[in-house]
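Before any questions on binding or motion, here is one chain by itself as structure tokens, the form predicted alone.
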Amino acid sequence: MGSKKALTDAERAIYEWQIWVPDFGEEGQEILKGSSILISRCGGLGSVVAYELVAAGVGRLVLAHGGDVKPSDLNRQLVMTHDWIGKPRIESAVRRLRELNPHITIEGVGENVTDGNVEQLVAEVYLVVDCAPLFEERFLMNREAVRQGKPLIECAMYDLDAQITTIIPGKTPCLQCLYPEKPPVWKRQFPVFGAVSGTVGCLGAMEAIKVLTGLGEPLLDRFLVCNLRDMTFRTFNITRNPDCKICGGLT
């Protein structure tokens, strides 16, 4: 949880409707303002997570995303624009998010999460939202979040399917408990609608808000699977693997 920061009159006006939410109030908004979050990749999934957290007033976002905008990004990556094709994705993301909310701090890192930068990126924030498409990157963030004791919101989508869980090191299963090894069928490019990544992105943003402020019940020890082809939503109970090589020794 971040430290609380007092709101200005302008911020009270912006966030008025969510301040009305029971069990949240101005105190919850002050906690969001004092919080910092890392989002790995601001593509189809991460762009929506970032958009919703910026709109909600999280005080500081750190975005890590490499590469340049491509035409194929534009069906789902809502912080990318046609006029930015061929230019760095991170610049487009920061520009668009600052236009949405100039009252918060947005820091762009023009590279993806790697073994060389993951420790520092995670150390700078209170919470991590994993929106990366590749398991190599997801495993790195899981490892480092567990090592540093930082909450991790784990989101993913494929085709018309989406899934999400919330990881609290030492209390819930970590990503490596659920996937001891990289799934062999997982690819960098895959079929997806922007509306699917947007759905789980909104869920991920809400999970982050809940974890930071104590609002409601996050998906602890639970794994939500959504099939938007037939609009079924199922929640499964999950347990830690005592032999997990990442979190097995934590208590």
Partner chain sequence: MKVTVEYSSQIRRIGGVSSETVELDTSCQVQELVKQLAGDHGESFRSLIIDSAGNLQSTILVFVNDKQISRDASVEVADNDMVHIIAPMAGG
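Positions refer to the first chain, counted from 1. Quick caveat: nothing in here was measured; it's all calculated off a predicted structure.
Just so you know, the form predicted in complex with the partner chain exists too; it's not on screen, but the next bit is about it.
Contact with the partner chain in the predicted complex, judged as any non-hydrogen atom within 4.5 angstroms, is confined among 82 to 90, 114 to 122, 101 to 109, 155 to 163 to 155 to 163.
Every member of the trio 138, 227 and 235 reaches the partner chain in the predicted complex with some non-hydrogen atom inside 4.5 Å. Though the partner is left out of this view, residue 151 does not reach within 4.5 Å of the partner chain in the predicted complex, counting heavy atoms only. Using a 4.5 angstroms threshold between heavy atoms, residue 132 counts as touching the partner chain in the predicted complex. Contact annotation: residue 94 falls outside 4.5 Å of the partner chain in the predicted complex, judged by heavy atom distances.
For residue 44, a non-hydrogen atom is located within 4.5 Å of the partner chain in the predicted complex, even though that partner is not displayed.
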